[in-house]
Structures are given as structure tokens and as C-alpha cells.
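Same protein, same chain, two forms; see structure 1 and structure 2 below, as C-alpha cells.
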Structure 1
């Protein structure tokens, strides 16, 4: 009777916990009934059990029937979107790494070019697999919790009036626009996480080797790095939302506004962190005579930070307003 247990296990193991016991009991009863039927006289034999199990068929198919849906890692509802996102992520990662490595090669040429090419391919393959794996994991989680992406929620009955307008060209979001945004965010993440010392003023003089005065104090920057990463991830989420919605709707404009506010707050916290700006960077302004000695360095650093902040506020304001205007225009065409 070991096969009986194995069969029941094979059917029930992938079923939801809640139903498992009940189905197991019922299935056991069924098989025993069928066995009793087969062995009209006396004890059922092994052959009888085989015959009964063959009649019941493949346990995987039976389990599918009980579940009334097939198991997918990523189901047909989400697959198109999944494939699309994988392509973008892999391309962005490859591009970002190429750029980062090219820059670091130009700045600081290592001994052997062969080594660079080798490490280039291994990092690209490595990172592409990571990107692929993470996207897959996220989509698999969506699948597990039965989240269907890309299908718009509908509350009311469809009427022909609900048909989407043929949008004017400028009101459709061009995927390229969003993809460029994602690529830049990925590049920025790579840059900030691996090479913050490259951000700064490049001093090229004829006699000495060129050098960089980093903009940020490395230790403080590393400490505040998670903030920057969150900001950039929000940026990516923002662009992906644009791709998903595809049109300048009100919802999109509001979400955009929300993302922008969060980003701005994070940026202000980031830029105001104590000692973020590199001292050498501040003093450089004095050495080239751009700032008179009479101004206190801490005051200078304060006004630089103010400058950055104002710049960020204006940029985000423009982005939010442009988005809102586009959504108003989009609604007028309805």
C-alpha cells in the first residue's frame, strides 16, 4: 500500500495548505472504494492498486484539476510585461557597466588591456544575470500572490464610450523616453555605489598628471548612500509607471507628483547632511580666486548647499508642472 500513500502525497503536496487534509481524506476514501470494487473477492492485490491508480491518472493533472489553475512561475497574463522589463533591465545594466568601466579605464588605465576586457565581460554577464534573476523573482512573487499586472481595473460595465481616444502623438508617452530615464538611473546607481570619487572637478595641467577633486567627503557620502539609492530606485519606479500607463493620465500626474515630493525630501536630507561636501572642494574655490578670502568657508559651503537645494526644487517643480499640464491636455482630448 506504499504506492497509495505515494499517490496521495503526489496529488496533495502542491495543493493549498487549507484544502490538503480534506482532499487527502476524500481521495483515500475514493481509492479504497475503487480498490474494494476491483477486488470483488478477498483482499485487494498490488495489481488492483496499479489498475486503480492508472484509472485515476497522472497525479499532477489531478492536482491541477483540484487547483483549477495551472502552476506557473510567471503566467501568461504577466509574461509579455516580464519579458519587456527583463530586456530593459539587462540592456540598462550592460550599458551602465560599459560606461562605468570605460570611464574608470580612461581615468586610471590598468596594466593590461586583456585583463580589462576579461573583467568587462565577466562583470557584464554577472550583472545581467543578477538583473534577470531579480526581475524574475519579483514577477514570480506577483504570480504567487495572483497579482495581474498591466490589466486595468474595471469597475463598471464596458460601453463603447469607454474606448480609448486615439491619442495625439505628443500625448502618448514614448517608451524611449522612459527607458532613457531608467538607463541613466542605473548608470547613476553604478557610479554612486562604486566610483563616487569620480564626481568632482577634473584638473588637467600640462606638466602634472591630471587629478580629481571629489565633490563629496567619501565617508559621509557612503553613509548617506542608501538615501541616494532609494531616490534613484524611486526614479526607476517612476519611469516604469510611465511605461505601464503609457499615457499622460491624471493618475500618472498625481503619482509623479508623489514620487517627486518623496525624492525632494530625500534629496534635501541628503544634501544637508553634516560634512557632506569635501573640504578640498570648498578650498579649491579660494585657490582659483573665484571666491574672495573674506567669505567664511562654512558660509560658502552653506550657500553651495542652498544652491543645490534650490536647483533641485526648481527641477522637480518643472517636472511636476510639465506632467500636470500634459495630463490636463490629455483629458481635454477625451
Structure 2
């Protein structure tokens, strides 16, 4: 009996606690039935128990059969999409870091080639690893909550009638469009988080070292950076969703509208942050004679912010309305 209890314990100890009692009863009943079949004179012996336990096999493997949900970090339903997104993100991160470092080296040349090579590869490896880690964390969360992104049919009880209709060509989303959106969003995240000082006006003269007049006030920008990261992450989620579904549906068009509204609200809050634009960036337009001195710098700053806001509103409205109208129009026609 001790060996029986040891086997049951070995099977149930790694199972979820809420399942253990039921599985223990089920397993105990199964073993008793198998012992009864093995017993010759109605009374099982030690050898009979060994034979039954050997037949049931490795308790770890048996526990896995009893488990209602398989244990994966990234399960088979999501792995193909996960690997695809990892490749895109790592490539985009590498490109973004390369771009930022190249600009940085041109503006402020390093002391030696060895320094260039060392900083370049260390930056690339570190950034690529972070991109890989974040994608893995996101997909691991999907796995934990049983979100199957890469599986169209949620069970094996399907019939041919469950197959989706062939999409109209006007509704098909080209994978390249979504991939480009993901790549640009990842590059923007890299640049905004590691090289915001490189965004601005580049001053190149013959007699003086090259310099940059940053677009943003660094302190205010870093304070508002989380909003910008959320906007870009929403964009990545939107593009991944489009890539996954592969065609415009009414649901996807409404999701796209929702994503765009959230992004627009966050952008308006971000761009209207007090002191976000660098004052040196504003005054530069006066020094080159592009803006008359009669115009107040605060008025010019306000005009630039309004221009950014109007551009964002127009772009988001066009994207939302065009895709919503297209989805409704072509999904209604047979």
C-alpha cells in the first residue's frame, strides 16, 4: 500500500491543486480495477501492483495526460505567429539601433574603430535581446490565458461547413502592409527610447563641428515617453491583429476605429504637454529668417502643435473611415 500511495502522490503533486482530489480518486479507482484484473485468486500481490504501476508508466507522463491544459511557454497554436513576430521585431530593432548609432557617430565621431565595433555590437545584442524578451512575455501571457492566435478552429469538432468564405479581393489585407507598420513602430520605439536627442535640426558647417537642435525638451519628453510607448504598442497590436485576420471584417474595422481613437487621444495629450517643444528649436526659425520677429515664439509653438494635431486627426480619420466603409460595403455584397 505504501508503494501505491507513493505512486499516487508522484502523479498528483504537480497537478493544479483544485484537480488533485478528483484525479486521486479517479486514479485510485483505476488502479484498483487493474489490480482486480491481475489478481489470480482475488487477492492482489506485490508483484501485481508492480505490474499495474509499470503498465501505467512514468507518473510524470501520466500526470501530463490528466492535466486539463498542457504546459507550454509558447504553445503550438501560437508558435508560428510568435516566431514570425520575433523575426520582424528583432530585425526592426537591429535596424533602428544601427540608424541611431550611425547618426550619433557622424555627429560625434568616436575615438577609435575598436570603440565603434564594441559599442555597436553590444547595443545591437542588448536591444535585440530585449525585443525578443518582450515579444516572448506577451505571447506567454496569451498562452497563460489560453488565447490561441494562430488557430482558426478552436476544437476538433468541425465540419466542412465551418470553413470560412473566400474573401473578396478588396477586403484582403496584404501581409507586407502590416509588416511595414510593425517595423516602423518598432524602429520608432527604439529611436524615441534611446536616441530622442537625435530628432531635430542638423546644423552642418565647414568651420564648426556638426550639431543637432533637438525637437523636444528632453526632460518633458522623457516624462511623457510612456504615453508615446503606449501609442506605438497599440499600433503594433493593431498591425499584428490585421496580419492575423488577413482580411477586413466589420469587427476588425471597428477594432481599428477603437485603436485609432485611443491613439489619437493619447497623441493629443502628448503633443499638448507644456514645454514639450524645445525653445532652441523654435527660435532657430527666427535666426534663419524663416519666421518674422513680430511673431511671438509661444504663438509659433502653438501653431506647430496645432499643425501636428490636425495632421494626426486627418490621418486617423482617413484610415478609420476608409477601412470601415470598405468593410461594410464589401461584406454586405454577396
Partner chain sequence: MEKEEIINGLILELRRGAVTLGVLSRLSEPHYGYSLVQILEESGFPIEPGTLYPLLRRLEKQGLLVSSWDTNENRPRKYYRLSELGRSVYNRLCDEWRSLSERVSVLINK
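Under this definition, the rigid core comprises the largest set of C-alpha atoms superposing within 1.5 Å between the forms. Worth saying up front: this structure is predicted, and the values here are computed from it rather than measured. Residue numbers count along the first chain shown, from 1.
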The form predicted on its own? Structure 2
inquiry  = Taking the rigid core as the reference frame, tell me whether residue 30 has a CA displacement of 2 angstroms or more between the two structures.
reply    = yes
**C-alpha of residue 184 off by 2 Å or more between the two structures on rigid core** = no
Does residue 123 shift between the two structures by 2 angstroms or more at the C-alpha, the core having been superposed? yes
For residue 140, the CA shift between the two structures after fitting the core, in Å, is 3.4
